[in-house]
Every structure is written in structure tokens, then in C-alpha cells.
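Heads up, the chain below is alone and in the form predicted on its own; it's given as C-alpha cells.
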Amino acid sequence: MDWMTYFQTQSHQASRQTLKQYYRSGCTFANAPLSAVEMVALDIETTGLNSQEHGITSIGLVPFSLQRIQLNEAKHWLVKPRKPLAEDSITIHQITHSDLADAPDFSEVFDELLQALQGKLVVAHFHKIERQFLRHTVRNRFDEDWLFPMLDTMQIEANLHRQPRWKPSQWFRRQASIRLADARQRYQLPAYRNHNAMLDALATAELLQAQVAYHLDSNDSVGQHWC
């Protein structure tokens, strides 16, 4: 994906003014070093894994760079999905019907979310969930397209600790876990409660800092790692 061209095109095609402004602000340059980029860790919690059938229940984000984490600027929203919560979703995320009774629809927090992400590089752990759900939800609410480049700490961890199973001798070898909590253990990072959007965003920011400190080069270009 040529992200610069995509942003330029969408800045003309987007109808919603706040989304047009988001695209006009541009994205991080592909050749920018990781050490110089302002980032924001993003996590969403959902009622399931299928963006066509399930909805977003919470969004958490934490601005950071390789040098510091800006917890004073972190944000967390509960969002009321348009379909009822399933019991297994309540069990996993601990977000109940009463928690969401007065929560806004995604459309009511979208502009604030755009502003928080504008001009920053988004970091997620298993970015496909965030990308699919946010894109589908924006299409559903506004008939607009919303995509942006992301760094994926799960993919970085897979590149570091998993080998392609090309040989029969590797087929049954147990692969290293790249789940967020397990990845953090490798760097002796503290354990946080799972499936809380705010805490998972913080956990992702800390994980990327550790990955760069231990394995990557802070002068690596963003384009080497984004997707």
C-alpha cells in the first residue's frame, strides 16, 4: 500500500469534514526512523471476531514514543454495539449490559478518535482486528472508507520468535506464543489484566518499546515494519 497516495486520494474523496481533515494531515513518512515518530497504541474490544456480525464495545489508546509513554493523554471509550452482547463476550471483557446502558454509539466518539490518531503512527497487537472492525464500522455508520498504516507488535514478535515450517522436522515443534501477555513475559514486563482496551493499549506500547530496545534498531525506517 502506498499510504501517502492513499491519504492524498482520500482527502479529496471523503465527504465527512473531520475525516477529510484527518487525511489532509497526512501520515508518517515511510522513511522516518522509529525513534523520531509520535505513535499511539490502539486496542478495541468487541462482541466477537467477525466484523460483519459483531460490534465494538470499547476503545483504548495511549500516545507514546520510544522514549516515553504519555498516560496523561490516554483515552478510553465504552461504545454501545448495535447488536446485543453475548454471554461469552461479557465473560471475556467484563463489560456488561448495564455498563453500556448509557454508552454512546460509535458515531458519537468517531470525531474525537480521529483527532487523537491524526498525524500519528498507530500501533496494535494483531492489527487485523482493529483494522477490520474500524473500517467496517465507519463504512456502516458514514459510508466512508477509513484505513491507515499500523505497526503490529504481534507480527514483529512472530518475525522474531517463529520460524516457517518448511521442513517435516518442524511441523510438530511447538511454536512460541505471540499472544500479548506471553510476548510481554519474554521481556519481563509486568502482567496486566487482559481484555481491557485501555490496559491492552498500554501493554502494546510497552511491548513495542521493549522489542525495539532488545531486537530492532531505533533508526529502522517505519516503512520496514508497517502494514
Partner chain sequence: MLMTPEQLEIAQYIGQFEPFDAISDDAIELIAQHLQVRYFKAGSAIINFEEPATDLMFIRSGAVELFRRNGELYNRLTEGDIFGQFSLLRQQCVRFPARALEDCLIYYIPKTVFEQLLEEEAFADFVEAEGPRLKTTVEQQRKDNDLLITRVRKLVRRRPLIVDEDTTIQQASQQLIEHGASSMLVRRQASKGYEEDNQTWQICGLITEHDFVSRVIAQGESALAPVANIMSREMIGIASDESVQEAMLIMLKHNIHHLPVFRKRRPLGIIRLADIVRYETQSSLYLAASIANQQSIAELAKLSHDVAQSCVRMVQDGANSKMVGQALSGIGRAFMQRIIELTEADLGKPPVPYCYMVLGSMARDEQTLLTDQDNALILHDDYQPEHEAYFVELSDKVSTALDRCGYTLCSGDIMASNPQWRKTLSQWQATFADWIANPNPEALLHCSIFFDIDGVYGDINMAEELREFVAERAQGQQRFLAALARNALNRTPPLGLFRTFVLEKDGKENNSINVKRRGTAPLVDVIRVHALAAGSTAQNSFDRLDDIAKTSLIPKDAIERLRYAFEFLSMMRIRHQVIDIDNERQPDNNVEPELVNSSDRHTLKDAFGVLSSAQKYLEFRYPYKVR
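Positions refer to the first chain, counted from 1. Just so it is clear, the model here is predicted, and its values are computed rather than measured.
The form predicted together with its partner chain exists for this protein as well; it is not shown, and the discussion that follows is about that form.
Visitor: Considering A158, A30, A36, L199, which brings a non-hydrogen atom within 4.5 Å of its partner chain in the model of the complex?
Guide: Among A158, A30, A36, L199, a heavy atom within 4.5 Å of its partner chain in the model of the complex occurs only for L199.
Visitor: Which residue, L147, I129, L100, L71, has a heavy atom that falls within 4.5 Å of its partner chain in the model of the complex?
Guide: Selected option: L71.
Visitor: Contact with its partner chain in the model of the complex for N194, defined as at least one heavy atom pair within 4.5 Å: yes or no?
Guide: Yes.
Visitor: Is there any non-hydrogen atom of A176 lying within 4.5 Å of its partner chain in the model of the complex?
Guide: Heavy-atom contact with its partner chain at 4.5 Å: absent for A176.
Visitor: Verify the contact flag for L189: yes if a non-hydrogen atom of it lies within 4.5 Å of a non-hydrogen atom of its partner chain in the model of the complex, no if not.
Guide: Contact with its partner chain, yes.
Visitor: Since only the chain is shown here, I'm wondering whether I44 would be in contact with its partner chain in the model of the complex (any heavy atom pair within 4.5 Å).
Guide: Result no; I44 lies far from its partner chain in the model of the complex.
Visitor: Pull the contact list for 213-227: residues with a heavy atom within 4.5 Å of its partner chain in the model of the complex, in sequence order.
Guide: Read in sequence order, the residues that approach its partner chain (within 4.5 Å, in the model of the complex) are A213, Y214.
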